[in-house]
Every structure is written in C-alpha cells, then in structure tokens.
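Single chain ahead, written as structure tokens, the form predicted alone.
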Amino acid sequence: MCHTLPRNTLCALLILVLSLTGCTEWTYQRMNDPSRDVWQKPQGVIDKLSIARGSRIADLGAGGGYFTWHLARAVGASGTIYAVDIEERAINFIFKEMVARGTPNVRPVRAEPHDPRLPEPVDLVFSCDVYHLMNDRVGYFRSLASALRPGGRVAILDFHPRGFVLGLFGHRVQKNEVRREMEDAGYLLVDDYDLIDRQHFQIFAKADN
C-alpha cells in the first residue's frame, strides 16, 4: 500500500529513513530546503519574536540550522546565536554552513540531553520541532531558567498531533500540554500565536520576572 501514500508523506518517510541510516548531510539540506518557507513562515515567526538587535539567542535543537540563519539576521552583527544540538553531525554541518554563509555571529554548541551548555545567559531560547523529543521537559526547562537573562523568554514551536505526516511514528505534543508543563517548570505564557497551520507557537517568560 506504500505506493498509495501522498507525495509529501513519501518524502517525509524518505527523510526519516535517510536520517536513521546515516545520510545526515542530505537530511539537513532537505530540512533547509527553501520550499519549507511556504508553510513554516520563518519571517512571520521572526516578526512575532520581536528580536532586538544585539540579542543573545539559543536555537535549541538547531539541527541543520534552518532557523539559525533567520535568527542570525535578526540579531545583527552585534548579536549572537548559539546553535545548540546534542548531535555532533549537526554541529559539524552548522559549522560548515556558518563558514559558507559568512555568519560569524553564529556559534555552534554541542549540548548534552540534560544541559544546553550555554556559555552565557541569553535573551531568548528558541525551539522548533524539538520539544516533543525531550525527556523530563519540566526538569529541563526549570533548570534552563538560570540561563535566561532578566526578561528572557522561551519560544516553543511544535507540531500539532494532527499536523505532521509522520505523527504515527511518535508522540506529538498538544499545545495545552506544552503550556501545562511550562507552568509546572516555573514559566507563564506571554504570547500564543495562530500563525502556522501545522504547528502551535507559544512564548513563555519566567514567572518571577
């Protein structure tokens, strides 16, 4: 029955298979395909984040760096983007892209599953399509609060369970579940955007800010 699957489903399945079999560079390149802009609306996301020039931002679970480069433009030359990932192959890929694109304000950071290993506090932690993959999310974000500057925020984009073609392979997080867990971790919801059909997009701040 595989031949009856829609083309976008087959393509997503191919990405999954290639990522599991070691074709990492092709996978990251596919994730960075400009055609993703149509549904991901990266510029709309950046506009909603209201990023100040010179900001320090952690792109948590940066992967191939799709949002890293958009964030780098938003902070300008005086800002810094920490492209954080636990996969060494992702860090190597981002480093190569950083050199090729000429973006010295991007700094790859090899993280641990329980620790982003940020070298300094940041103004914003940005996470796209990563939250559902994390273990002990409440504990992680409770600990992460110490890596936020005063007034710092956490932005989380993740797929609606109904909105991702590979949802059958793994758990996808409901928007209300993200909000409940972030509140348990000591954060308050400050913005909730209905911008992307496939994803929920919420921004949180520490409750004691």
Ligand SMILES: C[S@@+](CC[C@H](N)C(=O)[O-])C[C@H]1O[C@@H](n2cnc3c(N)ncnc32)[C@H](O)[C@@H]1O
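Computed from a prediction, not measured in an experiment: that's the story for all the values here. Residue indices: 1-based, along the sequence shown.
The protein also exists as the form predicted in complex with the ligand; that form is not presented, and the subsequent description refers to it.
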Problem - Candidate site Met31, Ala62 and Val130: all three near the ligand in the predicted bound form by heavy atom within 4.5 Å - result: yes
Handout entry: Partner proximity in the predicted bound form: Val84 to the ligand, non-hydrogen atom cutoff 4.5 Å
Key = yes
Handout entry: in the predicted bound form, Gly102 touching the ligand (heavy atom, 4.5 Å)
Key = no
Exercise for the section: Please check if Pro113 has a heavy atom lying within 4.5 Å of any heavy atom of the ligand in the predicted bound form. Expected result: yes
Exercise for the section: May I ask you to check whether Val75 falls inside a 4.5 Å heavy atom distance of the ligand in the predicted bound form? Expected result: no
Problem - Which of 178-186, 147-155, 47-55, 31-39 sits within 4.5 Å of the ligand in the predicted bound form, heavy atom basis - result: 31-39
Completion exercise
Across 180-209, the residues having a non-hydrogen atom within 4.5 Å of the ligand in the predicted bound form turn out to be none
